[in-house]
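First comes one chain, alone, set out as structure tokens in the form predicted on its own.
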Amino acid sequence: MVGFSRRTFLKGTASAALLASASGARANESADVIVLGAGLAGLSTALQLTEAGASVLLLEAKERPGGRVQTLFDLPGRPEAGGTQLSSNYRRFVGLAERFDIPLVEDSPMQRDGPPELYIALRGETILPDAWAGHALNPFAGPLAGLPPWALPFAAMGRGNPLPEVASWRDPAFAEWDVPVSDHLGWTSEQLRLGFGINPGYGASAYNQSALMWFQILKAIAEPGGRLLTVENGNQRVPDAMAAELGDRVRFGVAARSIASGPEGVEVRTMDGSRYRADRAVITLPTSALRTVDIDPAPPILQQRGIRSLPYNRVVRAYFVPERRFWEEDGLPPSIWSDSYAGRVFALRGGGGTEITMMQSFITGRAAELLDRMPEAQAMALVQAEIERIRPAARGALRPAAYVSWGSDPYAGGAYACWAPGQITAFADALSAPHDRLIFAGEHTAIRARGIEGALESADRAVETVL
């Protein structure tokens, strides 16, 4: 690894400091590198650069680290509001947990053994999983008819994956697959609605998801030997530990307004009027948040297009404390897959126990879009009313506890990137390319991984670019 050189930086920032003093800026802090965003990508970038001998300032708009990893520590069982899925194959995240001596445990928020935990509530009907294959509302025949709705996307897109390995999705040779899922599958509209329009994992329908994105996702999760994990007592403990090690290098409550890059370095201006200067900047903000930040000089056209248009999946989570064991009253499984505005209602067993501690509505797609247009109290009330409508036994048994909307979060704009048809071939490479003194990272720039591990992968690339 090449040692970090400060000579050019120091020559530029000496005159810049005089200019800042004359302008009366609220702050005039300088470093070798400014990192924007204290999610996992930003935290990992800052730690690695600090260890390499660079001086680093990490600017975070929120008052906590972790970005889209958030544990609700004040709720029973400490449920996760973001960054839920961990795998034993996430070697970078597992390595961080080991570094900070934070235990990882098997993830079992839902019961793994015994009778099914989930039933189907569709068009006013209650359908148990073993009755689904022959049900009148099931539009499939053959092997797909025997799969519950939540398994359909993975089964359908898992057949005939053309990618030889996970990184091949960026190869122009596979551009022909960067088409809508609807075109690739050729299903009927009702089949597409059931598999990709109700509680979609990505986008809002089969018409705005790239088939090539799905092939990359399925290639990434196909690595053998993976086990579902969670951090003991909350996933946010890992970013909390990372931020604690960085100490006063992190500035919380500092939202970027503009980023200027020139021969003498980078200047970041923030919403409170402060200025921060460095030789380079690593930007780990999701593009949905970066759209609100002015960049001068403007990035190349394709990179701008990616920043302005890459969609992020809307996710709403509503949490309720069950004050009565209503699932024993009606004899149905405690969790629900529904076509209502309550989405998927999961019975959570927090803390590794066997008792149900929380009910969580996990809402995506069009339903999340509608909720995001409402005031939070109204949206929460609607979700609760929907649960009680499709499950009368739950009436009077749910106490509202918390509501989290990633789509309404101005510093997130959604839970994770969701590539629309044509976007991968148009600007995936451009999004992650350096621009002048600016280096871009974040899960949307990763090549081999997605989500939590993708964020950490992107940090490794950013650090290598800086050094």
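As the structure is a computational prediction, the values presented were derived from the model and not from experiment. All residue numbers are counted from 1 along the displayed sequence.
Just so you know, the form predicted in complex with a small molecule exists too; it's not on screen, but the next bit is about it.
Considering non-hydrogen atoms and a 4.5 Å limit, does the small molecule approach residue 81 in the model of the complex? Yes, residue 81 is a contact residue.
Since only the chain is shown here, I'm wondering whether residue 61 would be in contact with the small molecule in the model of the complex (any heavy atom pair within 4.5 Å). Output for residue 61 is yes: heavy atoms within 4.5 Å of the small molecule.
My question is simply whether residue 46 lines the interface with the small molecule in the model of the complex - judged by any non-hydrogen atom within 4.5 Å. Outside the cut-off, so no.
Residue 343 versus the small molecule, in the model of the complex: is there a non-hydrogen atom within 4.5 Å? Residue-level check for residue 343: no, no contact with the small molecule.
In the model of the complex, the one of 38, 54, 57, 398 near the small molecule [non-hydrogen atom within 4.5 angstroms]: Partner contact (heavy atom, 4.5 Å) among the options: 38.
So if I measure heavy atom distances to the small molecule in the model of the complex, which of the stretches 169-177, 296-304, 380-388, 313-321 falls within 4.5 Å? Of the options, only 313-321 has residues within 4.5 Å of the partner.
Three residues, 152, 195 and 337; all within 4.5 Å of the small molecule in the model of the complex via heavy atoms? The answer is no; none of 152, 195 and 337 reaches the small molecule.
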